[in-house]
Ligand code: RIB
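Let's start with one chain on its own, the form predicted on its own, as structure tokens.
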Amino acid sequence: MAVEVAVVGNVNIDFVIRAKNLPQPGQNVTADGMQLAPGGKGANQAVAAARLGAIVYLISRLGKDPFGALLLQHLKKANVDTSCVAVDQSKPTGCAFVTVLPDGENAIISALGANMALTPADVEQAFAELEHLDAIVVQMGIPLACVDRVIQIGTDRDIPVLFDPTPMREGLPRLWRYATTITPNASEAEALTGIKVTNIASAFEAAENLHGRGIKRVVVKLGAKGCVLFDEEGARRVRAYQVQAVDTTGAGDTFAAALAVRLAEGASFDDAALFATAAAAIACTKPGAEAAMPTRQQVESFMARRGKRGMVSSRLS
């Protein structure tokens, strides 16, 4: 039976620009192309989880504008339950401006719009209607008070909560250390711990620090270097599957969704992290965020071809 996952987070319309380099102050750079695409970390993670076989409920807020209507239709087609997605009467739908560079790396500026009008009461009402959840995923593209309420509800109902601490901004949710699993990248791990993450060893140090603060499972993501894990069994490294990166947009969201789904299915932390690493690698090989997110069959076939042997190691190298 498919696991049931609630994703609480932002929904955006993405303006994706391809350029040879980012502009310096006062500089005008001509883009190689531009397209509109559905996005937002909450929406991305919901779509990714649905493609991996979960029953997914999205809790979010859109604007009453053409972008909002378009995104709502897209989410429904992606098999995401949108019954808990509210439509704000005054705030615009969130937007993100994504610049993709030739090596596939990206730089993003977001205007969160209606996402920031989500309230703790909205969150409470949504969860009151969701009785049988196996996992919750939440990020910070919504008010921090809503993140706190999500973590509190997960704790009260004994539902595992995966907290993806992004996008970073001033302040943190008060209850962030009560999440079951946390998945920062290197810069986010530094912001949370004060430890500058520049290599595998410092990533382990940051992961141990976060685990010591009470978080059961910690993943520090390191892009092409893979990720490091820390739980009650200690530290491990998961190596990245090597692929030709076309666009890394959405890879982190794919990772979080895949990790949450496999943990909800009862997989070990190591196996879930390796599955998430494979899913994220596939997402890097195609342009776009949601458009590049793989299905369950695609991830399993990829892992069958590439193998698992030697991918998980306790070495700091």
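Note that this is a predicted model, so its numbers are computed, not measured. Start at 1 and count along the sequence shown; that's the residue number.
From this point on, the text means the form predicted together with ligand RIB, which you will not see here.
Looking at 68 to 76, 181 to 189, 238 to 246, 104 to 112, the stretch with residues near ligand RIB in the model of the complex, meaning non-hydrogen atoms within 4.5 angstroms, turns out to be 104 to 112. At a distance of at most 4.5 angstroms from ligand RIB in the model of the complex, none of the three residues Ser60, Gly63 and Asp88 contributes a non-hydrogen atom. Using a 4.5 angstroms limit between non-hydrogen atoms, Arg262 is distant from ligand RIB in the model of the complex. Not displayed here, ligand RIB is kept clear of Ala273 by more than 4.5 Å at the level of heavy atoms in the model of the complex. The shortest heavy atom separation between Ala289 and ligand RIB in the model of the complex is within 4.5 Å. Proximity of Lys41 to ligand RIB in the model of the complex: non-hydrogen atoms within 4.5 Å are present. Contacts to ligand RIB in the model of the complex (heavy atom within 4.5 Å) from stretch 10 to 28: Asn10, Asn12, Asp14.
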